[in-house]
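One chain comes next, on its own, written out as structure tokens in the form predicted alone.
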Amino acid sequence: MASDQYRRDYAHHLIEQVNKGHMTRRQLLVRASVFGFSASAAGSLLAACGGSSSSSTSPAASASGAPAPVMGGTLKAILPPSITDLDPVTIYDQGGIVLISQFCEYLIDLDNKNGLKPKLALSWSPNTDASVWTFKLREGVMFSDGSPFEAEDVVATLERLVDPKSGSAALAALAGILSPGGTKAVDAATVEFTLDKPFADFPYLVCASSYNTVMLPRTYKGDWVKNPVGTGPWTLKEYVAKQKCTAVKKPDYWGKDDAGNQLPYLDQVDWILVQDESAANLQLQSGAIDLQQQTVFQGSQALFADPNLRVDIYPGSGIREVAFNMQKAPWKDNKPLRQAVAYCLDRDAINKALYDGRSNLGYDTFWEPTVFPGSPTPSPRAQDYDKAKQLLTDAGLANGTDITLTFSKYLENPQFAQLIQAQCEPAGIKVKLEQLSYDAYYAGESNVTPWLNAAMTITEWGSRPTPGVFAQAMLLPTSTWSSSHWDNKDFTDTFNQYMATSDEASRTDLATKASGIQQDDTPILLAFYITQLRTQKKNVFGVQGPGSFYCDLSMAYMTTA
């Protein structure tokens, strides 16, 4: 565990960074939460910087001016069905992630601005080089089968997730960071993680943004639907794949609100599973549904004008990754062609067409200060056909070229693909569109599935709270979910140094270098970061979580309509 002196030194370092103008007050709160400072301790750090120590929350996210909570009732919510079995270890899509998180919980949760907050872990702290992290657990928590939640359950859960034979989707984040044998129970309420290498953002890898890291009992044998055990506020009453899921209140849930009221407030949540977004929107407008946890702007414009509905807006970091597969023609060893496609894009026009201008522009790097506070500012990439044509000439393609773009018929992916096609044509790049069903796009093992093996793809990613988690999952040679199959030693070495240091000034320098390498080599396109939308009836309050795949209903309630 980090010494008291180390924590004091790091606290002074954060204050110094703010006072020198190298870090915002918001960024101090974020970094303090990563290193396990409590909310009150972080407030004291802000006070030491001068000015108010409070941290505001967006009115939409906090339901500002909401009436007092109401106990009881049944909420009807709509959600895309999971495309896989409802298994916490292997889920990776929106439907499965949202459903599992109703019944199971994480060590660390996310607030409405993607900050870290305690859940099953009360605190966490690193040693001096961030290679060993010690977590103190919440005591008195029970699984729904009556067994206690203890350190051995954390060990069993993480050992399962880092076992390559488990099929764990968490390996996308944990591979190369935590290996089998790295998680130990110090006592019933203390867990120690010994990492493969120093990693200053490790808490992000065991929080709600690492979707598979929900805590399961040490006795878990698989087939979660037949044995749906978790520590969450709900128990599973009924699940019919692709159709519906019924969650009922867990009467002895450990959570209470600030007034001491037992959570959850609701008695039951009926999840209706519908893939088609237009059909989901019609159910919202008819009044049959109370909540849509993620609203896609395309096709949903009428919801904003409906007097019975409220569309909440959350700052988000979800992306649509356009990946160039470096193992396949024409992208291998062809940086000029990759850059040419990047300079064909009119990112502002794409944002307006897909999201009515609500989302933040991206410039093909994960380090974006408008999305992730404290990031270096990348060089903007405006549409420039002259430059694109020159790059094509440099690639030996002065007369243009044909490429194929593969994507699923899901969310706004088809519209995005059509925009890319139209914007590339004036440069002489003809884009053939290959649209697959959602199931077909993700079908098969990792060595054959289209999303990881087609030459050029669009893949939807939910929000991540920090750029390092994105990069860890998709841009390293060890990344499990790499559609680009990029292997850039300079980037990897710089990224590893970035993740190994807790000195904020050094991290900024390293982030600037890593960001520049990513943008220059262009293994993927990042044209925007999506602002998240959530729609509910105007009498629904208290839904928590920063949009995307996060939906905490433990404090949700409904007033009389």
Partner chain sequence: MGEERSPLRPGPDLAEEASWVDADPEMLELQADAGRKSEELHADAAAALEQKRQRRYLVRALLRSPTFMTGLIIVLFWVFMALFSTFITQSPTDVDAMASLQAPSAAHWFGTDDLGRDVLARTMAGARTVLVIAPLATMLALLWGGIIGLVSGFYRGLTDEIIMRLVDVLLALPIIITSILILSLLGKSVAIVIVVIGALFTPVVSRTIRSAVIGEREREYVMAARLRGERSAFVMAREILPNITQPIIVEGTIRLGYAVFTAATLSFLGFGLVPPSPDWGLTIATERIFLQIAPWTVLFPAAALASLVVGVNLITDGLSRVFSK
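Here the rigid core means the biggest group of C-alpha atoms that line up within 1.5 Å when the two forms are laid on top of each other. Just so it is clear, the structure is predicted and the values come from calculations on it, not from any experiment. Residue numbers count along the first chain shown, from 1.
There is another form of the same protein, the form predicted together with the partner chain; it is not shown, and what comes next is about it.
- At a distance of at most 4.5 angstroms from the partner chain in the predicted bound form, none of the three residues 335, 403 and 478 contributes a non-hydrogen atom.
- In the predicted bound form, the partner chain sits within 4.5 Å of a heavy atom belonging to residue 277.
- Heavy atoms of residue 437 reach within 4.5 Å of the partner chain in the predicted bound form, making it an interface residue.
- Not displayed here, the partner chain is kept clear of residue 157 by more than 4.5 Å at the level of heavy atoms in the predicted bound form.
- Contact check for residue 325: every heavy atom lies farther than 4.5 Å from the partner chain in the predicted bound form.
- Heavy atoms within 4.5 Å of the partner chain in the predicted bound form are found in exactly one of 407 to 415, 180 to 188, 110 to 118, 336 to 344, that being 407 to 415.
- Put simply, of 257, 348, 150, 384 only one has a heavy atom within 4.5 Å of the partner chain in the predicted bound form, and it is 348.
- Only one of 227, 390, 285, 360 lies close to the partner chain in the predicted bound form, with a heavy atom inside 4.5 Å, and it is 285.
- Along 297 to 316, residues 298, 299, 301, 302 each place a heavy atom within 4.5 Å of the partner chain in the predicted bound form.
- Relative to the superposed core, residue 440 shifts its CA atom by 2 Å or more between the shown form and the other one.
- In the core-superposed comparison between the shown form and the other one, residue 423 has its Cα shifted by at least 2 Å.
- Once the rigid core is used as the reference frame, the Cα position of residue 344 differs between the shown form and the other one by 2 Å or more.
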